[in-house]
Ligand code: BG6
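Single chain ahead, by itself, as structure tokens, in the form predicted on its own.
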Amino acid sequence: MKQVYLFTIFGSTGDLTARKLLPAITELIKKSYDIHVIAVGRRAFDDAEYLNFMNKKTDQPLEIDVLKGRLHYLEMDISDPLDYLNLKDAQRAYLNGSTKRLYYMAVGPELFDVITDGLNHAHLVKKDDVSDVVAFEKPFGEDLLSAEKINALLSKHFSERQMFRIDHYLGKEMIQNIMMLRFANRIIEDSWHNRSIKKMSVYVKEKDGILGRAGYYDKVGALRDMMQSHVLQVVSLLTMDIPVSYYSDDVKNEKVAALQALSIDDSETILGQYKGYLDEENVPEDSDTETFVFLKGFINTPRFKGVPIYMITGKKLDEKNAFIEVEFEETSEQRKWHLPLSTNRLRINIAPEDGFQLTLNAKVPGLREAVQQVKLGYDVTNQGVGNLPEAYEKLLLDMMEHHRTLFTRWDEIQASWQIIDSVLKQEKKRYKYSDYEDLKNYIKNQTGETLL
């Protein structure tokens, strides 16, 4: 019997569904996965009207011909328990004895309780049955306390192995590649410790401001929006010890251990707010929300003890770019050359480009003793592999096939919030920066560190 996947999307008229979920589902259907969608919403649409409405919300047109016949729109009041019986009736057409039901909550966490209660009372989910799973987006709370409340209410009706916490960053090609780069290459793994590495830096930079998203952004800021999820997830992958196996739970055990071993140097924490933020539409005139974060941390494990880890994210910077830079120590022989030798560096590009570069020293060809930097690189987009899948396509497929490595477990969320809560308690004054050069100079003066 062919496996059928039934997605029920709450929040089906939102931008996330239009720009990410429907295109990803379309690509998976084209790859011959037997997927059907029930799009739940309060508006009065038929299927064609719904697809036309969603098509207008995207920059890239939806492939409506692919979705026709695969998608059914259901008008529904999620606060009315009786409407869940209508959802149950709508699902019957797709149930074949082996159907996997995937509930995607593309809504705010304030609606999780009413939706999961409705699903439970209509017997649309069975706790600990992995043929019924639920997915929801970051942010996973606003602090540790709110995250614990969200987890508790979801745990009433879903076990941990039924929950898929979506951090789309983990679906990016080079994020998936970090473990492969580290553990599948002897030349890297043998150098991945405090005797060889001088420092690590993780950058997630954005050139734009908040782009009219004050309603969301002013409540969370850069610490909660980017640092708690994206940046700390990358740090855990860079600094975890070798897992017992590469099954999901063994990998997560090591990621959690790395996060629990991470301490932040409070004296060097810098929080900033770009000049003009208070003039943005719907931003309160006294808002103290940070739009930039600079953290310096240490992983207190034998492998990384003493290696500083810099975490930098913010808006209104010099470029939109996300990358990791690992700087290596000098060799004992380097000092004898009396030449301007460069530090060996490994740069892992995450977005908008995917790939990595290793910077080495080499002699300039010719008669004279001179040195040059040589960069050895791998560019994913130049590999002739066709169109790379979007992060959501990978994440949805892993949900369907119950591969959990790219999804965050509750104790990962707990550990990351403990770190962010400790930073928030510092109550650092926000530095008002005009541009990236201004920030670089300020950080240099405050900490002695030079940003790229």
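Just count from 1 along the sequence shown to find any residue number. This one's a predicted model, so the numbers in the text were calculated from it and none came from an experiment.
In what follows, reference is made to the form predicted in complex with 6-O-phosphono-beta-D-glucopyranose, a form of this protein that is not presented.
- Partner contact region in the predicted bound form: 162-170, out of 112-120, 272-280, 98-106, 162-170, criterion any non-hydrogen atom within 4.5 Å of 6-O-phosphono-beta-D-glucopyranose.
- Contact check for M226, K315 and K320: all three have a heavy atom within 4.5 Å of 6-O-phosphono-beta-D-glucopyranose in the predicted bound form.
- Taking the partner from the other structure, 6-O-phosphono-beta-D-glucopyranose in the predicted bound form has a heavy atom within 4.5 Å of a heavy atom of E206.
- Using a 4.5 angstroms limit between non-hydrogen atoms, K296 is distant from 6-O-phosphono-beta-D-glucopyranose in the predicted bound form.
- By the criterion of a heavy atom within 4.5 Å, Y246 is excluded from the residues contacting 6-O-phosphono-beta-D-glucopyranose in the predicted bound form.
- 6-O-phosphono-beta-D-glucopyranose is not shown here, and in the predicted bound form it never comes within 4.5 Å of any heavy atom of K252.
- Out of the listed residues R213, K305, K126, K199, R213 is the one that sits within 4.5 Å of 6-O-phosphono-beta-D-glucopyranose in the predicted bound form by at least one heavy atom.
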